[in-house]
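Have a look below at one chain only, the form predicted alone, in structure tokens format.
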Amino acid sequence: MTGPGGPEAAAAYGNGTPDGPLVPFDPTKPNIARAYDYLLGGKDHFPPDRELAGRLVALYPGVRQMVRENRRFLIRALDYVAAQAISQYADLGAGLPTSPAVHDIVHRHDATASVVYVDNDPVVINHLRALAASREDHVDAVAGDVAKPAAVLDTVQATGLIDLGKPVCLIAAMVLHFQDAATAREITAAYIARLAPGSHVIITVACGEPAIGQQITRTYNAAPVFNHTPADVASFFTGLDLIQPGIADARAWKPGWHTPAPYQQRPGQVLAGIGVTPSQPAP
């Protein structure tokens, strides 16, 4: 059996992080990764996931477009980072594989680039490990709780694909709104502190005007979700030099632009950006 809940999923559940096991597989409850997969047009989801996604879309129809805009931004961002000769990538809270996947994008530029996916969902790990098995020696997937940076980075480095002494690209796409702002700041600061100079950090966060944001946080029952302000999102990049145009709506962000492109205002948006760890000051 290769579908959700089969031996592979059970094996993935047994490979917990140093800080505890993966979240248990339960098809009767909505799941973050599966609901997101449904919104992107994927096929790995169950009725509770579709029901949750449907309620979010009914509440704010722009939700479906936002997840697609996030993906399009990520493709542009990865194309930019890969062009900077970064050859190792860690995707935090990767979720179910989506085409093009992170490794597909970076391998357009460098077929030997290393990609390690991190997630705490056994179904996601099952899918990602199957995908990694078909990609020779350059792709791996590990179990990890994104909210525990030290354990995650140790596990990522233990794969042998990532050397934290060299520049790496860290991806935190659509994961920080599952933490309150103070915790998200602590988490990102802990990751950034471990990265070598010249490392790139890609962050995207779903945000909404207070009224719509409050409705979504009440409706979203797959996990706690927080509606961060633009100032909160900016704080997640503390310690990084921002790539122009800085932090902007994902629709309007393209590397090298000094100002974001015009876009139509609406109640919900994905704020996105890339930061670079600065070079060490000369002694």
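Quick note: we count residues from 1 along the sequence shown, nothing fancier. As the structure is a prediction and not an experimental result, all values here were calculated from the model.
Just so it is clear, the following notes concern the form predicted together with a small molecule, a form of the same protein that is not shown.
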The unique member of A94, V168, I203, A141 whose heavy atoms fall within 4.5 Å of the small molecule in the predicted bound form: A94
Interface residue in the predicted bound form among V81, A184, V115, L74, criterion: non-hydrogen atom within 4.5 angstroms of the small molecule: L74
A101, heavy atom within 4.5 angstroms of the small molecule in the predicted bound form: no
Touches the small molecule in the predicted bound form: I105 (any heavy atom, 4.5 Å): no
Proximity of M174 to the small molecule in the predicted bound form, heavy atoms at 4.5 Å: yes
The small molecule contact in the predicted bound form: Q179, any heavy atom under 4.5 Å: yes
Non-hydrogen atom within 4.5 angstroms of the small molecule in the predicted bound form for each of S199, F237 and L271: no
Options 64 to 72, 42 to 50, 251 to 259, 226 to 234; stretch whose heavy atom lies within 4.5 Å of the small molecule in the predicted bound form: 64 to 72
